[in-house]
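Given next, in C-alpha cells, is a single chain: the form predicted alone.
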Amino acid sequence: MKLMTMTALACGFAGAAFAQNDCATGKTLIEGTFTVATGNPAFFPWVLDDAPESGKGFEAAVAYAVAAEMGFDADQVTWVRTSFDQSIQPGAKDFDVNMQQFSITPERAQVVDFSTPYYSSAMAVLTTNAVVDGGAEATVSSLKTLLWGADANTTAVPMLMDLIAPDKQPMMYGDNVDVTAAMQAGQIDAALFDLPTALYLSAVVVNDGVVLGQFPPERSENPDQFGMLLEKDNPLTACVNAALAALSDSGKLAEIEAEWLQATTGVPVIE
C-alpha cells in the first residue's frame, strides 16, 4: 500500500510539473520539454519573421498544436536551429522533432524516423503580375486560355493536361530552370509547381513573379508529403503520430493550413 501511495504521489507530482500525456512522458530529450528544430533562417510562410517562438507560420503553428496534444504548454516548447542536410543524416539528434518541409521518402526513412504527413503539397500556378494584369484569374476556365510551359521530363505535362487541359499546346523545356527562364522572357504565361517551390520562385527567382492559385492536394498524383523528422526508432514518433491524427480528425490541422498557406500567402484554392 505504501509503495502504491508513493508511486501515485510521484505520478501526481510529475503530472503537475510536466503535464505531458502518458505517451510522451519520459520520451523527450529533456523531461518536460518538447524540443523542436527549424532552419536557420526559417522562411515564410512556414515560419513568420524567422521567429518560430511566436507560433506564427504554418510549421510553427503545427508544432505548438502537436505539443499541446501531447500535453506540453507553449512555454514547454523549445526551439533549436539546424541545417537541412545535417538533419537527415544518420545518428543522434539534438531535437525531438525537426520541421523544415522534409519530404517523406523511402531512402530517408532508412536512416531517420518520419511522422505521418502533416502536409500534402498542393500544385500551384506560377505566373507574373503582367499576366494577372492582363486578366488571368484563379479559375480553370481562365487558366485554359494561357500559354503554358512545362518540363518535358517530369509528370508536369500529364498533370497540366489533367488539371487544366489548356486550349494551346504547352511549350516543352528540358528542365524547370528553362521553364522559369522562358517565363521571365515572356515566352510563356504560366507553369505548375508544388506550392513551396512556386512560393520560392515567385519571391526569389522570377521577376514580378506571383502565385495565382493552388489546386487542392487531392487533385495531384503522388503529391510531396511533409513529415516531422525524428531520430531513427524514436519512441516519441508514435506519440507525434497520435497527436497529428487527433489534429486531423478534429479539423484543426486543416484550419492551420487554411490560415497560413491560403489566407496569409494570399494564394486562393482553385476549385
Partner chain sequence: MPTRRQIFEARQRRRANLIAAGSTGAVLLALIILVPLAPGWDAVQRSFFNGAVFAKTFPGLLNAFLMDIAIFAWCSPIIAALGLAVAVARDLRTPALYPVKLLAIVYTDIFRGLPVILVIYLIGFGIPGLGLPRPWNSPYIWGSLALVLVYAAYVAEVIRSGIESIHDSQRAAALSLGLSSSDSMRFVILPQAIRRVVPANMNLFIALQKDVALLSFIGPVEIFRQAGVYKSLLANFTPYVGAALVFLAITIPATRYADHLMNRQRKARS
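Keep in mind it's a predicted model, so treat the numbers as computed, not measured. Throughout, rigid core stands for the largest set of C-alpha atoms superposing within 1.5 Å between the two forms. Numbering follows the first chain given and starts at 1.
The same protein also has a form predicted in complex with the partner chain, omitted here; what follows describes it.
Not displayed here, the partner chain is kept clear of Gly135 by more than 4.5 Å at the level of heavy atoms in the predicted bound form. Put simply, Asp178 is close to the partner chain in the predicted bound form: some heavy atom of it is within 4.5 Å. Remark: Ser141 does not count among the residues lining the partner chain in the predicted bound form, judged by a heavy atom distance of 4.5 Å or less.
Proximity of Gln101 to the partner chain in the predicted bound form: non-hydrogen atoms within 4.5 Å are absent; the residue sits far from the partner. Partner contact region in the predicted bound form: 147 to 155, out of 72 to 80, 196 to 204, 147 to 155, 115 to 123, criterion any non-hydrogen atom within 4.5 Å of the partner chain.
Residues of 157 to 175 that come within 4.5 Å of the partner chain in the predicted bound form, judged by any heavy atom, are Val157, Pro158, Gln169, Pro170, Met171, Met172, Tyr173, Gly174 in sequence order. Once both forms are fitted on their core, the CA shift for Ala109 between this form and the one not shown remains under 2 Å. Fitting the two forms on the rigid core leaves the C-alpha of Ser121 displaced by under 2 angstroms between this form and the one not shown.
Once the rigid core is overlaid between this form and the one not shown, Ala150 counts among the residues whose Cα shifts by 2 Å or more.
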